[in-house]
Structure formats: structure tokens, C-alpha cells
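A single chain, nothing else alongside it, follows as C-alpha cells in the form predicted alone.
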Amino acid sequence: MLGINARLARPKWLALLPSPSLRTREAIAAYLFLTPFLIFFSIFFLRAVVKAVDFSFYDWRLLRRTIPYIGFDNYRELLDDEIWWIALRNTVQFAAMTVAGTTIVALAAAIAVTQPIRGQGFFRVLLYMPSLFSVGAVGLIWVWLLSTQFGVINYGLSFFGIHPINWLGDPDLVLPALSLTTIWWGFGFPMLIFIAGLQGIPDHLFEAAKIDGANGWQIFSHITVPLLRPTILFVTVTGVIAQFQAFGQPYIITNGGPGRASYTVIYYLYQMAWVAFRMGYGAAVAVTIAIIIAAITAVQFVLIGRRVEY
């Protein structure tokens, strides 16, 4: 028994070391729980990123045996490519309209379904349901809805004396049409985030404002919006990242047309890498898109994040 106790006793040299604090132990436990994800992330994400950056310096084409090193020539060609700038301009416009519209619609829907009304859960499920559809189903639905011949939207406008609108064939209307499609499809998840944010605001703040005589708009602008800034920051940052990667909508609904009016940067990447088989150039496009998204995200944190109070 004495031998067992001696083996289990703490060595004297270990007693000289300072015992870790509670915060250090919690940090160690957190990193241990994160280890499987970090391993997965390193193998399947970081390795892919490094490979993409490496491939962007080569003229790698699937139908060519040799892969010559060309340095920054892919990036120079990209900067001089008029189609790339058209796709980038379209993507910025599409992302701006879609993120702004999704944020507004999601916040309005969240406020509506957090009111004490009957069937609150039913309306939440109903509003969230479009988010469960695949991009293929959404694309086919909206091709029918926006059709100039038998579309429901143009049929409804005809009651107001408005002639059929060529939503998907007019270069000036195709991006707003795709943005409308994406807002309808994607506002469900931000709505849930806003619901969580609204439920985290203490009720006594609203009660105190009502006692002081504040109206609904004053409560919304001086209490709800300021306390939802962390949520708004999250929704806008993730929204910009998602919309800069939009591909399914232009691919299924418009095929990038009319002309190149609905080209997005990811659709352009698809054309270069999987239609023209220019993998090296496609890798340069992908790296450039990642840099642009990172820069826009940093600007969002600077402009919105500095006003956030957690």
C-alpha cells in the first residue's frame, strides 16, 4: 500500500511549478475540444488554399501535359480582362442590393414573428421554409414566376395596367430580379439570427421607454437598432461573403445573360476553370476573389464594428 501511495505521490520538482489558473485550464480544455476541427481544417481547407495560391503562378491547363511556371502573368492578365471587371461590377451591385434587402426583410420578419400573436411558431416556420429549398428548385420557380408570357408576377402587374416586363431579358433589370430571388430564398436564416438578438434585449428597456412616452419609431431607432448592432454586423458580414460567391442563380436562371449582364465573379471563375479548362488562371481568379472578400469584411468591421456594444 505504501508503495502504491509513493508511486501516486506528486514529484517534488512538480510541486515547485506554479499550478495553472482556472482561465489557463479552460483555455487548454477549449483547444483540446477544437483539435479535431483544427486538424480537419488544416488538411481540407488550408492545404487547398495553399495549393490554389501555388497553382495561380502556373499556366496549368487540363488538356496540356506541361505546366510551365509563369509567375504573376495570370494576375496581370486578370487585371487587363474586361470581362473580369464586368463580373466584379455585377457582383458588387448584386451583393449590395441583396445584403441590404435581406437584412431589412429579415429584421422586419423577425420583429413581426416576435409579437404576441396566435400561430407565432407557424409563421416562423412558414417564413423560414424557402431557405430549405435547393438553388435549383428556387431557380426553376422564379424562371416561371418572372416569365414574360405566363409569369404570375407580370400577370399581377397587368391588373394595374402595366405591360409585361422582361425581367430576365433586360440588362438593367436582370440583377434586381436575381437579387429579389435571392432575398426571398435566403432571408430565413438571418431572420432566426435577428429573433435571437431581439429576445436578448431586456424587456425593461422597452417598458421604461414606453413610460417615458416614446413612440414605436423612437423605441426602434434608439433601443432596438443600437442593441442589435452585433447581430447586424454578423448578418451583413456573412451576407456579403455569401453573395460574393453567388453562382447557382445566374447559372440556372439566366446563364450569365443577357449578354454578360448577370455574370458574377464565381460564374466567371467557372467559365475560365471548367469551360476553358484554364485551371491556373482560375486559381488566380479564386485568390483574387478571396482577397476582395477579406478586404470588404475588414471595412465592414471598421465601419460597423466600432459602433458595436456587446
Partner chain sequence: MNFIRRSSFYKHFGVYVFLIVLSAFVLFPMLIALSQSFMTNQEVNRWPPKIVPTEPTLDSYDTVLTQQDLRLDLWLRNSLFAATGYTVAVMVLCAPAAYAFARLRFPGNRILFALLLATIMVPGQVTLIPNFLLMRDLDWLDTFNALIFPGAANVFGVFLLRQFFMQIPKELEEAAVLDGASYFGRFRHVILPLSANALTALGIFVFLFHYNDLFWPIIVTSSLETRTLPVGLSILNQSYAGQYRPMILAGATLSTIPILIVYIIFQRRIIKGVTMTGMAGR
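Numbering follows the first chain given and starts at 1. Being a predicted model, the structure only gives us computed values, none of them experimental. In this text, the rigid core denotes the largest set of C-alpha atoms whose superposition between the two forms falls within 1.5 Å.
There is also a form predicted in complex with its partner chain; it is not shown, and the following applies to it.
Trainee: Which listed residue (A177, V105, L88, L78) meets the criterion of a heavy atom within 4.5 Å of its partner chain in the predicted complex?
Mentor: Among A177, V105, L88, L78, a heavy atom within 4.5 Å of its partner chain in the predicted complex occurs only for V105.
Trainee: Would you say all of Q93, F206 and A276 touch its partner chain in the predicted complex, counting a heavy atom within 4.5 Å as a touch?
Mentor: No, the candidate spot makes no contact with its partner chain.
Trainee: Given that the partner is absent here, state which listed stretch (115 to 123, 169 to 177, 80 to 88, 213 to 221) has heavy atoms within 4.5 Å of its partner chain in the predicted complex.
Mentor: It is 115 to 123 that comes within 4.5 Å of the partner.
Trainee: Would A261 count as a contact of its partner chain in the predicted complex, using a 4.5 angstroms cut-off between non-hydrogen atoms?
Mentor: No - in the predicted complex, heavy atoms of A261 and its partner chain never come within 4.5 Å of each other.
Trainee: Is it the case that I193, even though its partner is missing from this view, gets within 4.5 Å of its partner chain in the predicted complex, heavy atoms only?
Mentor: Yes, I193 lies within 4.5 Å of its partner chain in the predicted complex.
Trainee: Heavy atom to heavy atom, is P130 within 4.5 Å of its partner chain in the predicted complex?
Mentor: Result yes; P130 sits at the interface with its partner chain in the predicted complex.
Trainee: According to a 4.5 angstroms non-hydrogen atom cut-off, is G257 in contact with its partner chain in the predicted complex?
Mentor: Although its partner chain is absent here, G257 would stay clear of it in the predicted complex, with no heavy atoms inside 4.5 Å.
Trainee: Check each residue of 249 to 284 against its partner chain in the predicted complex and list those with a heavy atom within 4.5 Å, in sequence order.
Mentor: The stretch touches the partner through Y251, I252, N255, I266, L269, Y270, A273, W274, M279, G282, A283.
Trainee: If the two forms are fitted on the core, does G259 show a Cα displacement reaching 2 angstroms between this form and the one not shown?
Mentor: No, the C-alpha moves less than 2 Å.
Trainee: For W274, decide whether the Cα shift between this form and the one not shown is 2 Å or greater, given a superposition on the rigid core.
Mentor: No.
Trainee: Spell out whether the Cα of F247 moves at least 2 Å between this form and the one not shown when the two forms are superposed on their rigid core.
Mentor: Stays below the 2 Å threshold, so no.
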